[in-house]
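We've got the same protein chain twice here, in two forms, each standing alone as structure tokens: structure 1 and structure 2.
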Structure 1
């Protein structure tokens, strides 16, 4: 096998994962620069192929060594999973367990460098919890546990806009407290290093302001003066190309017109609002701070529409394209 190997985890079997996998693998473009394969359940994928009316080969492989350079779906089944033991669209421990197993298998393969990256379909927090994984709320926590990485973070991406976050799952009051020089510098460095590694040689990052109008010279908050501007200055002295802070109601617009390669948002909604306004259906996430490529769709298991052949597979297609570009150092 000469092409890089890329795993796509099927996610929670009761969700839309299998359906969007089938729809995405039907596109021959995804096989051009990598050899993608699925970690999941062949029974679920066969059912999804039937429901969507997509004809393609679905072959089980016993190990990575058995993967062939070919189109269609090749699926690795790390556990004996009964594809008929659960209800589509419902939370169940058996599906939560399977989803974690699929992902853990992919991470181990990445860590042993048998494969070059992983793209994840959504898992369900409640199902994971019901399966007994109490510390693992989502993919991010599983990754942090398995890779022991000290600093990981998520970057949101859509066509023409990339956004890293200083914090994501904190209350807004805690997120404001988190706006501190050392944390800003650490996240800027992580963002710059990640983009370089993925193929952007000299990334230019703009930092969003925390307060309205960028604090208006201290009249509307002092974080810009006391924390953010000094952090930007230090980052520049360290050799990074960082600008800002710029008011949040214009910085994203400027980024979409090509002025910056990425924006560092200072709290969850600041970045998420911008990404979703810019392009709702094709936004994806990438994990920074781990030694391999991992991208993910930016939507949930969508239990309400699972099994109905109406799920939009654009997000997964995009996540795959971005992962392929990252593995090849060709991210734009």
Structure 2
């Protein structure tokens, strides 16, 4: 197993990113399998350390070459954030701009192979939009733009359940229109190829149905008959181990019982609700279809609790652990 160099992006400075970073880096176990560093603001991290009562070194570095193999928080600051005016827990274009700059810096380092992966703390979509990034709804859209990847998708993971998503940031009406045979086939192949790359040799994938009771033979919708089942058939003919469509009210339970390695959900909430009901505190997100590993916490900026020292850092620790497993091809 290699000990990868991983960047942790701090996310929106007005959110809980700095707090969960400080809490995570205070755990010595984090440094046993990786050498992580932060791309963000040392000022914000110092404020978070004071709020949490955690005493640890926070040191700025000028470049990747300045990083040392040591415990503590080493911070690469792509922009000078000192003195910027913003309020903790409030949407700010300043913070939206900073969050994007933190992430873009990490992506460039991954593309140059200076680091092996990136783990992201949450950004706020409203703040990013206010900063002028109108085409970038979230991390995945920024990744698609910067890597020019033709096909990307989100997979959520937690202990005992992995859920790939046919679509994420689409309205429900748009998501239903997106359930088409060619798209299903390419997303199934992306899911299978990603899991193989990350360490699951022969992944078995179940496809969730779109309509209640799987459409009831067409009485409650025909997508299962006309789009989903034909796509599953073709995927099997291509050599993939794919089954379904199975009703969404039972397929996730079957997956947690060990019947499948992953489920392909057909829209955002169908998959996200299943994961977060199963084990929200340790759920993480991974991006498929990019040429490096990116994982993320599976929660938002939590402006309502920012600065109150009550944020749960388990998700960030888990995102680091999963990134290390993926890089080493040891995902289970």
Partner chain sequence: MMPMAITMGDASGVGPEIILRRYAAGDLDENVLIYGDAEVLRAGSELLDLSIELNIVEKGSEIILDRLNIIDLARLDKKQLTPGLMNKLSASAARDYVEKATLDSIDGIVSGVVTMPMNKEATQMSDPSFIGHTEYIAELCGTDNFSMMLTTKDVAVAHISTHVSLANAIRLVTRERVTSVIELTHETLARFIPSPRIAVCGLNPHAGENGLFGDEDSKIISLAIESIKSTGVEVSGPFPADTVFYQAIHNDRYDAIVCMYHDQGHGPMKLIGFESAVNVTIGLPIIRTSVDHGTAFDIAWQGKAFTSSLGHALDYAWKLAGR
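Numbering follows the first chain given and starts at 1. Quick caveat: nothing in here was measured; it's all calculated off a predicted structure. The term rigid core refers to the maximal set of C-alpha atoms that superpose within 1.5 Å between the two forms.
Between the two isolated copies of the chain, the second is the form predicted alone. The Cα position of residue 181 differs by 2 Å or more between the two structures after fitting on the rigid core. Relative to the superposed rigid core, the position of the CA of residue 245 differs between the two structures by 2 Å or more. In the core-superposed comparison between the two structures, the C-alpha atom of residue 193 has shifted by less than 2 angstroms. In this core superposition, residue 227 moves its Cα by 3.2 Å between the two structures. Comparison between the two structures places the CA of residue 218 4.9 angstrom away from its other position, after core fitting.
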